Structures are given as C-alpha cells and as structure tokens.
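Before any questions on how it binds or moves, here is one chain, the form predicted on its own, in structure tokens.
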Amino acid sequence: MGREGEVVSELIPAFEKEHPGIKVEVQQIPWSAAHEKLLTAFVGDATPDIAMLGNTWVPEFVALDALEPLDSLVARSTDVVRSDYFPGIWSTNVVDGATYGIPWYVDTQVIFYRSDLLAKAGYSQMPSTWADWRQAMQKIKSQMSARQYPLLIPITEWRPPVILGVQAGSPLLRDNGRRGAFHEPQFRSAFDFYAGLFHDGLAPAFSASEISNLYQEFERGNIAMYISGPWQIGEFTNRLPKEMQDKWMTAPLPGMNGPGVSLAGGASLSLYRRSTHKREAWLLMEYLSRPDVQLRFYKLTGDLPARREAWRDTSLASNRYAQAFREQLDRVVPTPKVPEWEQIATKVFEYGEKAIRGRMTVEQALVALDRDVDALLEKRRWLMSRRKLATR
C-alpha cells in the first residue's frame, strides 16, 4: 500500500533468488482504497496470499475469519523471533490469545519541539510529567504573542485525547469491549487536562485543515511543540531551512506522573486463511521480517523497523531524531481490539471538537460519546451473548 507498495518490489528479487521455485506478484493499492478492496476481495473469495494490514484493521479481519493464526509458524521459525519485537506493537496482532500478523514496520507518536524556545523558557529537555509539561508551556506562552502557541494539537485528531486517556489509566472500552468507558473518571481526568490546554490559550482550537503550513508556523516560532509520528522526521529535516536544523528535537511523551505511554501503530503482514500457497507465503513473510531486510526497507521508505535488532545499525542509532521513537516504542499500547475501533476513534474527535469549541460541556460530550459508542458496539454485544449461550 502507498509508498510501501512501490518499494517492496525492490526487495523481491533477492527473495526469488533464494527461492528459485517461487514467483512473487506484488499488487500495489493506495491506502485510501485498501480497506475496501481487501473487504471486497474477501467477499469475492479473491484474497491475496499475504497482505500488509494497518494494525488497527487486524481485529476486523479476524472477526471475518479471514486470517490464518500464526503462532505455530512463529514457534518453529528462526527468522521471526517474537522476543525481538516491541511487546506493545506485537500485541496489536494478538486477538483472543492468537497471533494474526507479524509487525512489518512501526510507528507511534512523540513530541516534535523547538529546543531553542524550550531552552529560553529554562528547560534543557522536555519535561516528563503532565504538570511539568504544562508549566513549561505556560513559561513559553509568557514569552509569546497572543497569536503564538506553545502546542499545536489539531482538534480533528483523535490520537492526542486517546493517548492522554490511556496515560491516565482509561481502558477506553469496558465490559470486554462491549461499552464505552469515556465518561469514567480516568478518561474524564485526561480530557479535562486536554481541554484545559485550549481553554487556557496553550493550544489553538484549530482543525488540521485550518493550518496552512505547519513547517512555516514552526519555523516562525508560532508553535513550539507538535505531537506526531516518525514520517515527520523527514519532513522537518527537508522543509525547515538549514539554520533551523539545530533548533528542533523530538522527545517521548510526558505522562500523568512520569514518562507516558503512546499508541502502538504501524502495519503488519498477515497470511490469509484461503491462501493456497501458505508455505511459500510464510517464507516471504519470514524474509521480509529479517533484520537486514527490515533495515533495507527503512532506508528505502523511512518506515521504522519492527525488529529491535535493526535499530542497532548506525543509520538509526546515530539518528538523534529517531531516538525518542526508540524510547517511546518500549512504552506503547494497542487501541481496543474491536472491529468498530476506527468508527469509535472518529466519534472521539467529533465530540472532542464540540467540547473544545464550546458547543457542548465536557460532561455532555463524554456522556454523548459513550452513548454513540455503545450504539456502535450493539452488534458486538449481541454476537458475544450468542457465543456465550452456545458454550453453555
């Protein structure tokens, strides 16, 4: 999919040379159409042998019984070494105790920040707790104009409030994924912190479409911090002028009472249950999972490798902007493993935006969010109740 689909073809000749009897056909599809195309392929009994899946898609395809469990293959493999993967990333592929995907590349969210502005406020490094982080933002704000802000968090992004929620101990869903838990005290405390950043003028209430040029605003000092993923390393490096390159840095996310968790992201390789070439497909998955191949993939795409061994290479170990991601990847957690998660995530930012813009109180927004999430999970509750009756 996307850029990954373009460059994976460059890795295939070496695999085919190692396995002369296997011919690999790569089909590239855009990210925007990938989910629908894979669902259509499942309905039409035309699924590929293996496919790259966004790791939040895995539970949905497991629910369809489309994917092959991989635990027995992993147990026998010398190339796919489970202990070499980041535990939180691996966990995104485990549903009801079985493994349905092998992490291919990883991402998570950290803070990109203006190190010179933080130093001017009296900090040599990014604080690690919410209280100290907020205090640092207040000091930076005191040196800014009214139209400049310490932090940019587009209010149409669901990840920041969800990350703060899990940092505060919220399960996001309760009753084994049957109902929303956004109105419960843990998420409420996180959302109060999140909303307070906007209400106190530390972050602007902008949607992503209202920010014309992030890099220009960052260069001008109109924003000092931005939460985002590893693809921004290349963007900040390429789009900021040379004289700015020693004035920005990355840092792991602060947490409620110390270094905080972030969300486990990225994409995995999954084997389809209806594949008629499972042995050959698994050989390709093993090959693409090898640290040397992951490293080559990183150099072609910039996608961060899932294997910790690959991170010891100097190309990553000496990349000062990548180190925050390396540290954060040891503290990542999956989003709830329910097929409805992407719809739920959309509801999170929709109600979050209403609360930030003052169209609802925080209380009203979170009550309404749980109501809508409960409705989205109604079919899941029905299926789980039938399954329980069938096992009696």
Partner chain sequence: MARLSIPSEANTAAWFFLAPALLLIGVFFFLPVAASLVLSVTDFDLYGIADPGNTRFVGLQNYSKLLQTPDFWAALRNTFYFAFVGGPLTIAVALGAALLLSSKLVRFKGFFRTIYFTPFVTTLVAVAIVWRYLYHTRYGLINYGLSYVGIGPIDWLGDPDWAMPAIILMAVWKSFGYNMLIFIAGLQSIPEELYDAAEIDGAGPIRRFFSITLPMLMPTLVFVSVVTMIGYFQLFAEPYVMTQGGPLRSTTSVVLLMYEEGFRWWRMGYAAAIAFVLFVVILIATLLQFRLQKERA
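All of these numbers come straight from a predicted model, not from anything done at the bench. Numbering follows the first chain given and starts at 1.
Below, we refer to the form predicted together with its partner chain, which is not included among the displayed structures.
A.B. asks: Are any of the heavy atoms in Asp116 no more than 4.5 Å from a heavy atom of its partner chain in the predicted complex?
C.D. replies: So Asp116 does not count as contacting its partner chain.
A.B. asks: Using heavy atoms and a 4.5 Å limit, would one call Glu16 a contact residue for its partner chain in the predicted complex?
C.D. replies: Output for Glu16 is no: heavy atoms all beyond 4.5 Å of its partner chain.
A.B. asks: Classify His277 as contacting or not contacting its partner chain in the predicted complex by the rule of any non-hydrogen atom within 4.5 angstroms, answering yes or no.
C.D. replies: Because no heavy atom of His277 falls inside 4.5 Å of its partner chain in the predicted complex, the answer is no.
A.B. asks: Residue-level question: is Leu64 within 4.5 Å of its partner chain in the predicted complex, judged on heavy atoms?
C.D. replies: Answer yes; at least one heavy atom of Leu64 falls within 4.5 Å of its partner chain in the predicted complex.
A.B. asks: Heavy atoms within 4.5 Å of its partner chain in the predicted complex: which stretch in 320-328, 23-31, 335-343, 46-54 meets that?
C.D. replies: That would be stretch 335-343.
A.B. asks: Within 4.5 Å, heavy atoms only, which of Ser212, Ser142, Thr78, Asn238 is in contact with its partner chain in the predicted complex?
C.D. replies: Filtering the options by heavy-atom distance leaves Ser212.
A.B. asks: Determine the residues of 349-364 with a heavy atom within 4.5 Å of its partner chain in the predicted complex and present them in sequence order; the list may be empty.
C.D. replies: Stretch hits, in order: Glu350, Glu353, Lys354, Arg357, Arg359.
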